[in-house]
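Only one chain is included here, represented as structure tokens and corresponding to the form predicted on its own.
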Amino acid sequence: MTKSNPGHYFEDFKPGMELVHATPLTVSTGDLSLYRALTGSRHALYSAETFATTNGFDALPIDPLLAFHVVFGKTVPDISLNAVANLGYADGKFLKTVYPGDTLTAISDVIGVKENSNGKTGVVWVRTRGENQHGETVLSYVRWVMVHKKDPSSPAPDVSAPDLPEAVAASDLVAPSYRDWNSALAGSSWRYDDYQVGEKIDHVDGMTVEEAEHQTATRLYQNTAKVHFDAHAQAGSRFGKRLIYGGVVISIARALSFNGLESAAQMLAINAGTHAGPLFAGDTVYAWSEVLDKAELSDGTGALRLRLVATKNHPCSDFPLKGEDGKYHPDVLLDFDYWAAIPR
């Protein structure tokens, strides 16, 4: 018997199970600065307290994606320590602003399981919520992950797959009414009415990810997944080296999207997300976006539903996504569908 945590295997997960994850984290302006250094984020809303308070915030807020990664990282030892891959996201909502000094705790409910046909792995669906020190839910999302079985001969459980919405309804989005949005300080004069459904934007810039950077980013989130840290163990894996955490790809692509979406700073919801391919140290990330939908939220604020596509070593002037066979282009890393607030 060992006191060490071996992590959960597929057969350990049961629908209805609640997992209260260890190590609450008090987030700080230092976390925000380090996140900015690792991702290149340039949105004024998360860079200048004066800009944020002018537009309805109590102080300089924590970037919602940073809060998401912190909450996600808490779940790894209980959900994906023995994972093959994180497969996707859905129904993600950012419900309350997180400020420096807030303490985040993560709780997950198992909402579905399905064994794969090979009998060696299975898919587990969980709904995770992040709570602050007052017990208020600041964010909630569903993800599904492929997990190894400990004993391939163990019987398959009854299939229980959740019914998930295609997108978070615009009526469920939580955003402030921007009061005095300064276009010059934000970096662009483009606002809600300047974007059209179907419009595609090549974000032009690229960012090469170094080994030390992605290691530091994943440690910042206290994500303990073996595939990101243990080079010795990963030498015998399918790829022969460490994988970069998919959240690093999301955040870098989001930071790159500043060039063309400067004022769409605040992420409000995650509708869907697929990690289509692996990223390794030394690869360069590029990104493009498509406007999928629009919604008016208040007199001062609208929302854009955006598809964010990230590629590796492939500039995006040709907007790569899928081939005629419906499969992702081999250079596509990420297909991410989200809502973002933008001033009207």
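Just so you know, these numbers come straight off a predicted model, no measurement behind them. The first residue of the sequence shown is number 1, and the count goes up from there.
Below, we refer to the form predicted together with a further copy of the same chain, which is not included among the displayed structures.
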Stretch from 178-186, 157-165, 140-148, 110-118 whose residues place a heavy atom within 4.5 Å of a further copy of the same chain in the predicted bound form: 178-186
Distance check, Thr274 to a further copy of the same chain in the predicted bound form, heavy atom within 4.5 Å: no
Proximity of Glu136 to a further copy of the same chain in the predicted bound form, heavy atoms at 4.5 Å: no
a further copy of the same chain contact in the predicted bound form: Trp288, any heavy atom under 4.5 Å: no
a further copy of the same chain contact in the predicted bound form: Leu173, any heavy atom under 4.5 Å: no
a further copy of the same chain in the predicted bound form: contacted by all of Asp58, Leu87 and Leu292, heavy atom 4.5 Å: no
Partner contacts in the predicted bound form for 9-35 (non-hydrogen atom within 4.5 angstroms of a further copy of the same chain): Val20, His21, Ala22, Thr23, Pro24, Leu25, Thr26, Ser28, Thr29, Gly30, Asp31, Ser33, Leu34
